[in-house]
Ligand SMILES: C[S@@+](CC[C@H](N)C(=O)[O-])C[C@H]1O[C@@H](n2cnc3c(N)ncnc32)[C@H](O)[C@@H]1O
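Only one chain is shown below, in C-alpha cells, and it's the form predicted alone.
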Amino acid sequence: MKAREKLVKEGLSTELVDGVSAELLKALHILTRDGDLNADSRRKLKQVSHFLGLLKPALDDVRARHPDPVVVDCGAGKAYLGLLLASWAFAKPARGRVINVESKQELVTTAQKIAKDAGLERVDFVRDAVETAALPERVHLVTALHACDTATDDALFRALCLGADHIAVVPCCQAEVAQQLKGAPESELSPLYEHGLHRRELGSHLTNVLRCLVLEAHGYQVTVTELVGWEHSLKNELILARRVHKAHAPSQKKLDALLKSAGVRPKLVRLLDARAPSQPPPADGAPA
C-alpha cells in the first residue's frame, strides 16, 4: 500500500495528504523513514490531522478576506504545525506566511533545516519568548498547541494585543490558578478544592473558563471542544475564538464576578490589567 493510501486510511484528510509531501512527513517523524506508521506516528498523525481540520474554517476565512494572511504559532516547539500549514495552506496559491515563535535555539535550527530541505518559503522562525517576540502589526490567526501553564496566557495576550481575527489554543498543565486557590480566602466554594487533586482539576478547569470569558469580553465568539480522544492525550481541550465585535460588556461582568468569587487572578488577567491605557487592542479591519 502506498504512503498516501496509508495516511488516508489512518484518518488524514485527502486534502492534507495531497498538499504535503511524504518527505516532509518523514522529516516531522509522522511517517517512518520507510514511509510506514508506528504507534507514535499514528498518535501524532491523528492529533495533527484533527487540529488542522478544526483550523480549516479559520484558515478559509482569513485566506478569503486578506491578500497576505499571517499566522503566528506561539511556542512552536518542533514546528510541526507551522511547517504543515506552510506546505498545505499557503503554498497553493503562494500567499500568506506562518511565523513560528520558539525560545529554544536547537528547536529553531532543526525546524529551519526541515523547512529549507522541503523548499518551504512561506514560513519564518523567531527565536524569542512569546511575550517579547517581534511580530507584524497585523496578525490574522494565532495558535498555541500544548503551550504549558501560563505560556498559553502569553499567547492569548499577544493575540488580543494584535487584534487577531482568529485564535486557537490547546492549553496544557495549568498549575497557576490551583496555587492561587490554595491561598484563596475561605468561601462557599472552598470545599470544591479542599483536597489537592480536586484543587488541580478545578484550577485547570477554572483557568480555561476564565480564558474563554476574557476572549468573549474582548469581542470573540468562543467554541470549546475536544482536540482528540482521551486515549491520545489528556490535554485535549481546544479553545477556538473568532472576533465578531470590539467588546462585550455582559461577558466582562461575568468575568469580574467569577474572579471575585474564586479569589484568583491568572496571568492573562494580570497582563491585561497592566497594559498601558495608551495601548488598547487594535480595532482595525472588519470583524472576522
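Sequential numbering from 1, following the sequence displayed. Please read these numbers as outputs of a predicted model, since none were measured by experiment.
As for the form predicted in complex with this ligand, it is not shown, yet the points below apply to it.
J.: At 4.5 Å between heavy atoms, only one of the stretches 213-221, 192-200, 117-125, 151-159 reaches this ligand in the model of the complex; which one is it?
T.: Of the options given, it is 151-159.
J.: With this ligand left out of view, choose which of Val169, Leu141, Val98, Ala76 has a non-hydrogen atom within 4.5 angstroms of it in the model of the complex.
T.: Selected residue: Ala76.
J.: Answer with one of Leu181, Leu83, Leu145, Leu206: the residue that has a non-hydrogen atom within 4.5 Å of this ligand in the model of the complex.
T.: The option sitting close enough to the partner is Leu145.
J.: State yes only if every one of Leu25, Val62 and Lys92 has a non-hydrogen atom within 4.5 Å of this ligand in the model of the complex; otherwise state no.
T.: Contact check failed for every one of Leu25, Val62 and Lys92.
J.: Looking at the partner-bound form in the model of the complex, is Lys44 within 4.5 Å of this ligand by any heavy atom?
T.: Yes, Lys44 is a contact residue.
J.: Does Val177 make contact with this ligand in the model of the complex, using a 4.5 Å heavy atom cut-off?
T.: The answer is no: Val177 has no heavy atom within 4.5 Å of this ligand.
J.: At the 4.5 Å heavy atom threshold, is Ser103 in contact with this ligand in the model of the complex?
T.: Heavy-atom contact with this ligand at 4.5 Å: present for Ser103.
J.: Under a 4.5 Å heavy atom criterion, is Leu135 part of the interface with this ligand in the model of the complex?
T.: Output for Leu135 is no: heavy atoms all beyond 4.5 Å of this ligand.
J.: Does any residue in 110-132 get within 4.5 Å of this ligand in the model of the complex, counting heavy atoms only, and if so which ones?
T.: Heavy-atom contacts to this ligand in the model of the complex: Asp128, Ala129, Val130.
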